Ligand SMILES: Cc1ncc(COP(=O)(O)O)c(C=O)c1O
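Just one chain follows, in the form predicted alone, and it is written as structure tokens.
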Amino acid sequence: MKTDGAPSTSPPPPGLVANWETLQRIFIRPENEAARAVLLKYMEQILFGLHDFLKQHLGITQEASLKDLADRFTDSRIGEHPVRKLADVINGLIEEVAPHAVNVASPYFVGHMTSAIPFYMVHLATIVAALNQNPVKLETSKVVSVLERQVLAKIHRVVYGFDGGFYHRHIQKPESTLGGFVEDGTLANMTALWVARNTLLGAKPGFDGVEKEGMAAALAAHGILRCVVLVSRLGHYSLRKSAGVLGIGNRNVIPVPVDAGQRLDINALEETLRTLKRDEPGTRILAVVGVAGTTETGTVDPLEAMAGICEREKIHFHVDAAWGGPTLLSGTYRHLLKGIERADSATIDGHKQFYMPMSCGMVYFKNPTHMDAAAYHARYINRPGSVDLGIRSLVGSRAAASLVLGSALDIMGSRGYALLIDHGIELARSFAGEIMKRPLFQLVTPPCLNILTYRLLPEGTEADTETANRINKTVQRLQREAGRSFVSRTTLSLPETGETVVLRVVLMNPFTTIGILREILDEQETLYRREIAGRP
């Protein structure tokens, strides 16, 4: 009798059987000419006409409910024998899955921090997958680990700008760690706070450090009651996750008020520091986090002023530049991140404005020895004295994302990336102007980088936030369901209107134009008048 978790033992379809001969054959090549033809048909489209392929096979969102989709995928058993040939699987992905995925490459998809990627990214990612290098250790990566150090040094130089001699000394020095690749910004932020925690609660006489003895022993040894992290109330929720994992407690991520421009309020930060010193002498500040491109509004905190405070108070200063970091490549807008070069650590995501495929996060440290606070060794890997990159890393086995980013930097150059950055920021400013010209709309947060928020505010709802919120929720949903374009929405706490629902636009697709954005506003206006106001 078969248990619930056992593979299905039904007879295999004709021509499909799992045995050693067929396994070896399918492991190294397509099973037959039909499978080869299907692979060539679609892979040629993907490799050499990616954006046309996506336009043909994906909508923004197809009109199918999640319940209907879920009902199609309820089989919980693994077949003992193959159930479909490779050609059928490929066709199924194109015909059954792709139409109900989201075409994030569409220039009309302007709602999230995921967008079109250059077509060659698929080529690079394919090569990386085929090589299957694992940079956790030199024995499974060799030259890839050497190249990764070079890529890290290039981005580190963009962030911190030390002279050539500094990079010549540290770029391939085994004892130096300029940064590391992880899967995403969450793990990058967690790594930065992990290092900050281990540094603050490090070893001392009679105590071997928090990493060995744990938080309870560390707090007792250092005479501390609790550790806190200070960040603007628009800080990413990954910081709360990190605090939970690191044993600090996510309630100890203290939100600092923002100013009228949705940037961390420096006066509020100073007041928080004074209050903690006066009222909670047993509290230590683990880190202050500045955000360079908040998720909701795209704003950049006053990094220069925050850096000065952290230097004065001897506090670890981390900058979450997961979104805004590549702005440093723009000669025109680099100044918006002034102060990041004074940060002890910084996060940048490759799969955001470096336009890489999912997923790639990076963390950088100003001091090349700072990550020693999080070093781990094992007898079979990452041995003491080795040059393995996994010695100082939160993650273990991972893909060689550095090959993709390093190659993209060669293909694009800093000027190429600057053109993309400049386009997004300047388009956001043009869009803000268009919104302000339309009586039905209100610009809520003007763009700092390439994100802005706005809302529909029909006449008579200016003082009725509840009604305005309902209108914006409805219009956003109707537009998403129509499937022609997409903007996201969020809720901001505003002094004048309280909890306010706003529409959020992220402009990073180089093919999005002001004409397309006008179409999106026209559609929103039409939906409001037809479906809510009840007039054509």
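Each residue number is its position in the shown sequence, starting from 1. From a predicted model like this one, the values you see are computed outputs, not experimental measurements.
The protein also exists as the form predicted in complex with the ligand; that form is not presented, and the subsequent description refers to it.
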Open item on the list: Test of understanding: in the predicted complex, would A346 fall inside 4.5 Å of the ligand by heavy atoms?
Closed with: no
Open item on the list: in the predicted complex, does G185 come within 4.5 Å of the ligand, counting heavy atoms only?
Closed with: yes
Open item on the list: Residue-level contact is defined here as any heavy atom of the residue lying within 4.5 Å of the ligand in the predicted complex; does V231 satisfy this criterion?
Closed with: no
Open item on the list: Would you classify T295 as touching the ligand in the predicted complex, given a 4.5 Å non-hydrogen atom cut-off?
Closed with: yes
Open item on the list: Can you pick out, from L201, A322, L337, L329, the residue that has a heavy atom within 4.5 Å of the ligand in the predicted complex?
Closed with: A322
Task: Residue among N189, Q262, Q353, T177 with a heavy atom within 4.5 Å of the ligand in the predicted complex - done: N189
Task: Stretch in contact in the predicted complex with the ligand, which is absent here, among 366-374, 86-94, 338-346, 234-242 (heavy atoms within 4.5 Å) - done: 234-242
- [ ] Enumerate the residues of 461-499 that have a non-hydrogen atom within 4.5 Å of the ligand in the predicted complex, in sequence order, or give none.
- [x] none
